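Presented as structure tokens, the chain that follows is alone, the form predicted alone.
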């Protein structure tokens, strides 16, 4: 599977961009802010139906315009063709089309085109809050398992309804405990199902994470992910209900998988506390490569890999190890960005691969070289 072409219309700083790609390596070079990352974000939309950068679709519409459109032509297995189009019009619902047919729900598209992104701010997975880590693992599983995505959407729907009901109780002084019981049952059942799936993913990921970390860092440290949840305990239903008094006081749901976290460990300690910058970078890249490998194992094909400005963030050792993997054709189609053309050309010229270079300035493609 690979992306043959991409069209961006009024998307961020791209007025109208049309590109044809190599099925192997595509490198975008240009100054910071020129629009390199925006091209990768357009590809991200075609896979996951959302931006990797902005939380709101409307923020990606070009200034003083009222819509954006992204279109990609993919070649799938057995030379099957797929056209994916994403349109966002201000004030209207986002729409995803497959070969011209509009999908009823954008979630139907997730998982069809597996994708892995390695970006400069990925270390926030280590340094940031639990919400970012939950989103990462939920996004990973959702690309593999539509049932999980549907159940996760259902979970957050009932969570929102339950929290609104708790706030209504506080405002009116009247309590409909029968309705609250119904929400409790849904959240308890879904928490048990979803936590089991998260736990299974980490079981599969553990040896892959360790293998990639050792390969990239040339280090011997043991690394792992610890799943922190109450939903796997045998008495979870009783635990959930025991917090009702607290829920009524705080007007919030204090148990469920929305409270889960994932501990990134080096040895027996959190890597955010004792890990060096290099160890943290190696950990994140190993985590993303484990994600890549799981997709390949589950889907039977290599996902698209996006590498955003990683040469600036990695030392020579880690760049060398990553290029070694690329030279061994470990990955399928690769898209990467770099602010220094000479550096990327030197690194990529040493690979036995078909490489396209794209020069970008202020959202405009200047020249294309093979």
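Positions refer to the first chain, counted from 1. It should be emphasised that the depicted structure is a prediction, and the values quoted were computed from it without experimental measurement.
We do not show the form predicted in complex with a small molecule, though everything after this point is about it.
This chain lacks the partner; the member of 339, 69, 314, 48 within 4.5 angstroms of the small molecule in the model of the complex by a non-hydrogen atom is 339. Residue-level contacts in the model of the complex: of 52, 322, 61, 310, one residue has a heavy atom within 4.5 Å of the small molecule, and it is 61.
Heavy atoms within 4.5 Å of the small molecule in the model of the complex are found in one stretch of 314 to 322, 297 to 305, 37 to 45, 327 to 335, which is 37 to 45. Within this chain, residue 359 is remote from the site of the small molecule in the model of the complex, having no heavy atom within 4.5 Å. Although the partner is absent here, residue 22 lies well away from the small molecule in the model of the complex, with no heavy atom inside 4.5 Å. Taking the partner from the other structure, the small molecule in the model of the complex has a heavy atom within 4.5 Å of a heavy atom of residue 13.
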